[in-house]
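Have a look below at one chain only, the form predicted alone, in structure tokens format.
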Amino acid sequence: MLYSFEVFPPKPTTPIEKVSACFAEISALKPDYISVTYGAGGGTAGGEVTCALAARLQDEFHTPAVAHLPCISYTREEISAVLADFQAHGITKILALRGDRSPNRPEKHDFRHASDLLHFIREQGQGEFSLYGACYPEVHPEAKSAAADLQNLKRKVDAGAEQLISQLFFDNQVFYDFMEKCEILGITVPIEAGIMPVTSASQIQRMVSLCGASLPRKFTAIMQKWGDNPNALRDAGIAYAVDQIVDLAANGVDGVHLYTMNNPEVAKRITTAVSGILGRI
């Protein structure tokens, strides 16, 4: 069973060295890989930051890295430049994404979907890259329907995605239902379940507004009980994430992808709690 983490670059005004200690602690937990989200900045600047951090994970901390690569705001030439930079730094695993729409980053229309980027990388003869894709157990917010979203996911896999990482969710049954639909549609690549430990009330409000994840009764009860008690909510959020992972492992999922929010202590507490279940001790 795969066990992986996600981390993100610092803000543009913050030196990369500021996150080195965080990355070192998270790498010490020995995940199968760590994915690095795309850095802020125009042109290929974001890719340069992601590349630098992914290379550091591999070279200094000896942890395989997966570099996020959004495409909607970039031209084919810019994407080619980012890919060349990845290659030069030994980054061979890419999470191909459309990317979020933003008024601060005009769309350039060379790539409208993640499947376009996957096709482009394969057409360029970049066979040395292992390609990952994202999936949405509760449907992408912009999808016309759940059926259309699944067809889009199938196009990603057909275009070259060898493994999928799911958006966060808080109801495991939602993920099991999604997996069943994928199987019926012939999507057979490994799918990791995206788990985010909620450690603050503002965090959950922000994430739900972005991805539309539903909140089961058990989760809302936690929020109502300890939403105004940061320490208690952090402990309850960690316990809830551990409970999700235990259930997922018992049901034989392909893997778990932990959204660490660059918090080594939370990642360590969860990893310690599930190490035996995941066969890592």
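The first residue of the sequence shown is number 1, and the count goes up from there. This one's a predicted model, so the numbers in the text were calculated from it and none came from an experiment.
Note that the form predicted in complex with flavin-adenine dinucleotide (FAD) isn't included here; everything after this is about it.
Partner proximity in the predicted complex, defined as non-hydrogen atoms within 4.5 angstroms of flavin-adenine dinucleotide (FAD), places exactly one of 53-61, 227-235, 66-74, 22-30 at the interface: 66-74. The closest non-hydrogen atom of residue 113 lies within 4.5 Å of flavin-adenine dinucleotide (FAD) in the predicted complex. Taking the partner from the other structure, flavin-adenine dinucleotide (FAD) in the predicted complex has no heavy atom within 4.5 Å of any heavy atom of residue 47. flavin-adenine dinucleotide (FAD) in the predicted complex is not approached by residue 174, whose heavy atoms all lie more than 4.5 angstroms from it.
Taking the partner from the other structure, flavin-adenine dinucleotide (FAD) in the predicted complex has no heavy atom within 4.5 Å of any heavy atom of residue 129. None of 165, 94, 195, 79 but one reaches within 4.5 angstroms of flavin-adenine dinucleotide (FAD) in the predicted complex through a heavy atom, and that residue is 165. Out of the listed residues 89, 108, 140, 181, 140 is the one that sits within 4.5 Å of flavin-adenine dinucleotide (FAD) in the predicted complex by at least one heavy atom.
Residue 6 is the only one in 1-17 with at least one heavy atom within 4.5 Å of flavin-adenine dinucleotide (FAD) in the predicted complex.
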